[in-house]
Every structure is written in structure tokens, then in C-alpha cells.
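For reference, the chain that follows is the form predicted alone, supplied as C-alpha cells.
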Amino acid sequence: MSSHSPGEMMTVAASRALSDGDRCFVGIGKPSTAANLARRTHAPGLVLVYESGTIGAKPDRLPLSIGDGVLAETADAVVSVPEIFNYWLQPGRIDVGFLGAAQLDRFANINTTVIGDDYANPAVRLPGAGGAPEIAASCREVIVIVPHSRRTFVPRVDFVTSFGFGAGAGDRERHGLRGRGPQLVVTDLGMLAPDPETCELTLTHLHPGVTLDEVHAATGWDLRVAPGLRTTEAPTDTELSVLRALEGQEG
């Protein structure tokens, strides 16, 4: 089996979380790479939905943005942005939403807005929300894909851009949010899932070659570990070949 990078392991693990026939709301970057990898390997019936209004896109290369023409050219349908949100997303017609994060806390709340306590004068002003708050609120479930570091995995986000589980169990219901929230967080070190009772993120998988000490060192809180901690299955040669072709590393 071919050797792989941590980033490749993260993308492959995220792609495996998608099932054939899922309707997946896709963002640009790692989420798009993972979704397109899934469609080319184990989930040919995966329906890719992009925020620009393309439904059932089948790009022959990774799109450069949500406005890339290849998405419209290969889509089953192209609708308006308001229709994507008002008819498809908000009523709960999307199975899986993919999100990234600048900060993520123990209850899977996401920050992509500002770093620093002062919103008006932050240390860093980030790109912002886009459609992420609606994705987090309304998709039947959410997958977060993000590199694992203390800068990202913080005890409490500086700003809640996209609601995960708030302060814990029951908060989504109290706010009337339709979707189940983040059900999987995939990083370059392992995978995490919310505890069924508390909704606190719990480490469920270590990627091959990664130690538990490494994960603890890269997490800004006392991370809980599932009793049956498992090792992620390494990428297959086929998965790596398809992924590298998608990213223009081969062929």
C-alpha cells in the first residue's frame, strides 16, 4: 500500500463518511475534494449541491470556487441561491453538510468570523459566515473537516458563527434548530463524534501512526476518549490514486 500524508488521510476519512445517494451540501476546499473523491469511488450516486445553486454537479476537476463554470455545466439543475436555501436547505432536504472551521470548541461550535474577544477590533478578521450558519442549523447532519491544532481546537470559540451544540445537550432543541448538528469531526490526526448524552466531542479514531499523546497535545481542552478507541483504516491504493488525480498530482 502506498504511503500517504496526514492531509490525504483526513480527506479520505471524510469521503468515507458519505454514502451513495446522499444529498451533500459542499463547500470549496477539503469538503469539495472529499465529496468528489467519494463520488469517484464508493458513492457514485452522491448528489453534490453547491451554494451557487448547482444541484447534482459532476465536475471532472476540482472547482476553483462555488461559481466555477464546471459546476453549472455538469449539474442536473441550476437554481437561484434563494431557492437553494429556502427550498432545499432550510426545510431539511439536504442529508449532509460539510463545514470547515477556524476555531472549534468542545461542543462543536464553529468560528469563521473573528479571532479575539473584541469583535470591533479583533486580532484577526476572518472571511465570515457565508451559508455556514444555515448549513449547521438545517442539514440533517454535519461533517466538519479541519486540521488538528490548539489554535483551532479551543475550549470556547471567540465567536459562534455556526451553532454546533451550544453549551451542551438540549441547546439545539431549545433554539429550534432542525438538523442533528455535527455528527463527525475529521482531522489530520483522527476523528471525533459527539457523546450521545452530553454532546461533548469525543475522540473515536486515531489515524495510522498517530498517538493519543499527539492528539491531546493538539487539543485546547481535556479531550475525552471513547472506551473503544479505534484506528482508522489506512487509505487504499485506489483512494490515493483517485485523490491525487483529482488534485493534479498524477496524470
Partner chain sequence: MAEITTLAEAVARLVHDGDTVALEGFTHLIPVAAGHEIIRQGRRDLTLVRMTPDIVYDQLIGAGCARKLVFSWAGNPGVGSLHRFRDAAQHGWPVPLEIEEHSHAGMANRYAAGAAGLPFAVLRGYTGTDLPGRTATIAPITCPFTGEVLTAVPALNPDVAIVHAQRADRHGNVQLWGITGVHKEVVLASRTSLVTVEEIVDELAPRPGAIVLPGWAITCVAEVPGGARPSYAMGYYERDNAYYRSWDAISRDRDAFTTWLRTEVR
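Here the structure is a predicted model, which means the values were calculated and not measured. Numbering follows the first chain given and starts at 1.
What comes next is about the form predicted in complex with its partner chain, which is not displayed.
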Tell me, yes or no, whether Asp76 is in contact with its partner chain in the predicted bound form, where a contact means a heavy atom of each within 4.5 Å.
no
Does its partner chain come within 4.5 Å of any heavy atom of Gly168 in the predicted bound form?
no
Look up in the predicted bound form whether Gly67 has a non-hydrogen atom within 4.5 angstroms of its partner chain, and give yes or no.
yes
Check whether Asn86 has any heavy atom within 4.5 Å of a heavy atom of its partner chain in the predicted bound form, and answer yes or no.
yes
The listed residue (Arg93, Arg125, Arg180, Arg151) that reaches within 4.5 Å of its partner chain in the predicted bound form by any heavy atom is Arg125
Every residue in Thr54, Gly131 and His175 with a non-hydrogen atom within 4.5 Å of its partner chain in the predicted bound form?
yes
